[in-house]
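The data below hold one chain only, encoded as structure tokens and taken in the form predicted alone.
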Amino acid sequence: MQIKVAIVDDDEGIRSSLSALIKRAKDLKLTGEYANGERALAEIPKNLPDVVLMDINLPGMKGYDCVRQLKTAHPAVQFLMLTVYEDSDSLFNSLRAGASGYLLKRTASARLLEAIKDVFEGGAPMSPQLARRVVQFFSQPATDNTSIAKLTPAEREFLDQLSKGYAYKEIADRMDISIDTVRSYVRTVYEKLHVHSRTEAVVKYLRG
């Protein structure tokens, strides 16, 4: 049985390279390639793949926002993020959105083909450096509950939205508040939890 694969990447050269790689693999079948998240949202449901290779830094909609919408509607589809970014926020936003794997674009072709099969079979392929980062975050000591207790109900709701991977503008819309209020929550939450990044805040909140 062939594994059906779709590609979402705004770089035409990378799309062509990935497309050629998949077409050469006897046990893979390319179902489509898309240059942005909006196109992927419209077309992927018409011919559902088993695995989607998703870029993060797409024009307009971020790759993990596209993953979140597609994964909600089509939970059986597996998503493998391909990115040049090694930062923790991109990694955790992607995993929270429903991605099963996260590899850097410089990953060797043989490893990428192996990762597609791995994610199809229920695995979670990730580079050793990124896997170590995940382990480090979730092996941190549990948060002192007094830090969480200092948060107001609105700040807790903000953190809950943040933990689900929503962007600041989306949180403003969902909470019916201004973007300035969201930025104010960012400052006060970071201060109360003694953190310096979105990912640290979310991890402390989830562990608290």
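Just so we're on the same page, rigid core means the largest C-alpha set that superposes within 1.5 Å between forms. On a predicted model such as this, the values are computed, not experimentally measured, just so you know. For every residue, the number given is its place in the sequence shown, counted from 1.
One more form of this protein exists, namely the form predicted together with the DNA; it is left out here, but the text below deals with it.
- At the 4.5 Å threshold, heavy atoms of residue 178 reach the DNA in the predicted bound form.
- Contact check for residue 152: a heavy atom falls within 4.5 Å of the DNA in the predicted bound form.
- Looking at residue 148, you'd find every heavy atom of it more than 4.5 angstroms from the DNA in the predicted bound form.
- For residue 24, no non-hydrogen atom is located within 4.5 Å of the DNA in the predicted bound form, even though that partner is not displayed.
- Stretch 178-186 is the contacting one of 29-37, 51-59, 178-186, 65-73, since its residues have non-hydrogen atoms within 4.5 Å of the DNA in the predicted bound form.
- Put the two forms on the same core and the Cα of residue 184 is off by 2 Å or more between this form and the one not shown.
- Relative to the superposed rigid core, residue 69 undergoes a CA displacement smaller than 2 Å between this form and the one not shown.
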